[in-house]
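One chain is shown next in structure tokens, namely the form predicted alone.
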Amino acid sequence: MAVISDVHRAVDLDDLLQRMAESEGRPRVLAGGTDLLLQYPAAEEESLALVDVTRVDALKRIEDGPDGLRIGAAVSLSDVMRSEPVLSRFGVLAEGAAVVAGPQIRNLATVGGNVCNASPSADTIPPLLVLNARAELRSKAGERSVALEEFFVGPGETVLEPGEILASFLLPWPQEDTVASYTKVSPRQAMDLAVVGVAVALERVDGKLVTRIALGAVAPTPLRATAAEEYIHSAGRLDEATAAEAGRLAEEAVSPIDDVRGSARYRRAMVRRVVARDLLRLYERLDGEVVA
């Protein structure tokens, strides 16, 4: 059983980065703690050093900018759900945040923690993927920006290097008529992990239909269904037939497992059906007419 050997409460970003650089091993960042404090008894390390970031205001801001909306990694899921800029332009992220656990957890849990935990079933990751989010990473040595689909290496594993933190997410401003949704398939309506998570976004760029589809809980890492996206782009339209084919292509992209929540066969079927259904629903919202 691991033992927490040291806790440092960072007072600002400089203090945080300095502590991360100086600490031996790989200290864990403590934000909401809703995942970390459940995991630490089973951690491989004999002792854990924690760096508490709850006082680091630079990580808790939601700010408009010319390139998009910047969301600090330590912003709580409840604050994401209440943010006017998120609700007005990036509503699919609020949808994902709203189905994480229950209100008490969402008041503590952070969007950065949900992402850095790197669970294949995390509910905020598919929405962030269809929003073309970038992860902004900081360390004492400098900073870098990584497309979110490149952030995950495997279950529980990311590209973060020793001494590096996830500081914020940059969400590029979408087209004015962009529509998006997140569907969580789970045995219960609340307090359960996703068996399948499907985020879909549709928009028109220069008169052409652009689609983004992201899937969770159906592979070692959350993923984009690029073959399905490209098929719709080449078809140039969305009807029942093209939506069904896109669902089939999305199903081909996944590699689910059997577990206590659902079989691989069930997960594949849900990907195919939910992707096709949500594409048609969003297309009706985009064009304002029922698809025949």
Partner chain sequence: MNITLQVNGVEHQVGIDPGDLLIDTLRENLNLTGSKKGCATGDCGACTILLDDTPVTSCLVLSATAVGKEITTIEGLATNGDLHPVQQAYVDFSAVQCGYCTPGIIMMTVGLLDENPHPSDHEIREGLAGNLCRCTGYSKIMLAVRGAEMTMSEDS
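Nothing here was measured: the structure is a model prediction, and the numbers come from that model. Positions refer to the first chain, counted from 1.
Keep in mind that the form predicted together with its partner chain is not shown, yet the notes after this line are about it.
Participant: Whether Ser88 contacts its partner chain in the predicted bound form should be assessed with a 4.5 Å heavy atom distance threshold; does it?
Facilitator: Heavy-atom contact with its partner chain at 4.5 Å: absent for Ser88.
Participant: Is the gap between Ala253 and its partner chain in the predicted bound form 4.5 Å or less for some heavy atom pair?
Facilitator: Although its partner chain is absent here, Ala253 would stay clear of it in the predicted bound form, with no heavy atoms inside 4.5 Å.
Participant: Does at least one non-hydrogen atom of Pro187 fall within 4.5 angstroms of its partner chain in the predicted bound form?
Facilitator: Close contact is absent here: in the predicted bound form, Pro187 is far from its partner chain, nothing within 4.5 Å, heavy atoms only.
Participant: Contact with its partner chain in the predicted bound form for Ala227, defined as at least one heavy atom pair within 4.5 Å: yes or no?
Facilitator: Ala227: no, not in contact with its partner chain in the predicted bound form.
Participant: Quick check on this chain: which one of Leu249, Leu50, Ala235, Ile62 has a heavy atom within 4.5 Å of its partner chain in the predicted bound form?
Facilitator: Checked against the cut-off, the match is Leu50.
Participant: Among Val205, Met191, Ala141, Ala147, which has any heavy atom within 4.5 Å of its partner chain in the predicted bound form?
Facilitator: Checked against the cut-off, the match is Met191.
Participant: Have a look at 170-178, 154-162, 206-214, 100-108 and name the one stretch with heavy atoms inside 4.5 Å of its partner chain in the predicted bound form.
Facilitator: Among the listed stretches, the partner-contacting one is 100-108.
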